[in-house]
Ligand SMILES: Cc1cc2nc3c(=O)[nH]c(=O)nc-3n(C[C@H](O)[C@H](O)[C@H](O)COP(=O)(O)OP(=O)(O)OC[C@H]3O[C@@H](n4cnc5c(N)ncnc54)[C@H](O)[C@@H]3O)c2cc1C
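Below sits a lone chain in structure tokens, taken as the form predicted alone.
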């Protein structure tokens, strides 16, 4: 590959780190690197169905539960949020809404309820009888009980993304480049990045944080097993329930005093975005199951997002074992909002030569055997 020489207008200095992807993970990583004194470039191309904006904002490690160190990472990610939101507010003056009322997981038959009650000791949840459930949430529909997962909840991810982006844009050591990375070259002392505009960038390190689009970057040293999985969403003009509530194959998330988000489907349809009548009917049934009031509420918006899903639903984090100038921060599956800020802190630490506060080895790309490819 032929590269532009020093001083050529097509050659862009990427600073210390180039981040590929401008969603929550990319922005959080950029902000954490800038706080460590790094000069950062974020290459952010807009793609329909980007998960950060489309998500419901749930912080649900107790419900969508991993095991062992991965669960510990998820709990730490949840518990980082209050201080993270506070730090953002100190810089920007904007407080992002954070709900830590706990998450309700509804049970609709006695067999399901019995099975859940038998595992509560290990899960740390609190069982609520129908009477206790309705005392807590009078608008909940018919259920034989529920588990309350204390500490879980939701963040307004749309506001979070906006505020974080505004802060990053105002940071002198961070440059956001509106372009698309087509390929990378890791064979030089410093990695090179080719952009769709025809320009070339160089930096000391690269961070791959492009969500569902991460595997599409040419020149990666191994295949990245991330599949785009569509989730359809809708919002309703009522908020009869103040807790984030799971109901079988869906959930509702109160976002304001007059808006509830309902989600979500899991559809293997490639990069196809948009909504379908079938998907909207499914979500309407979820909303009505949670609360009859939501069944009568006025529909506001409908949309979909593309989750970057790995085979084990865990993210891919850390250095490439063969090319340490490349760091992975992708594949967050259903938990990108939950894990985003902590991912940013840990990957920024790694890129800065520090030891991350949590062990990233459970998320190494090496866990996917046979993923190594030959770079041509």
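In this text, all values refer to a predicted model and were calculated from it rather than measured experimentally. Numbering follows the first chain given and starts at 1.
Same protein, other form: the form predicted together with the ligand, not shown, and the subject of what follows.
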Distance check, residue 84 to the ligand in the predicted complex, heavy atom within 4.5 Å: no
Any non-hydrogen atom of residue 39 within 4.5 angstroms of the ligand in the predicted complex: no
The ligand contact at residue 73 in the predicted complex, heavy atom, 4.5 Å: no
Close approach of residue 351 to the ligand in the predicted complex, 4.5 Å, heavy atom: no
Contact residue in the predicted complex, from 238, 220, 233, 203 (heavy atom within 4.5 Å of the ligand): 233
Among the candidates 104, 207, 283, 210, the residue which, in the predicted complex, approaches the ligand to within 4.5 Å (heavy atoms): 210
Segment that reaches the ligand in the predicted complex - one of 109-117, 176-184, 126-134, 290-298, heavy atoms within 4.5 Å: 176-184
Within 4.5 Å of the ligand in the predicted complex, all of 78, 145 and 245 (non-hydrogen atom): no
Members of 335-349 lying within 4.5 angstroms of the ligand, judged by heavy atom, in the predicted complex: 335, 336, 337, 338
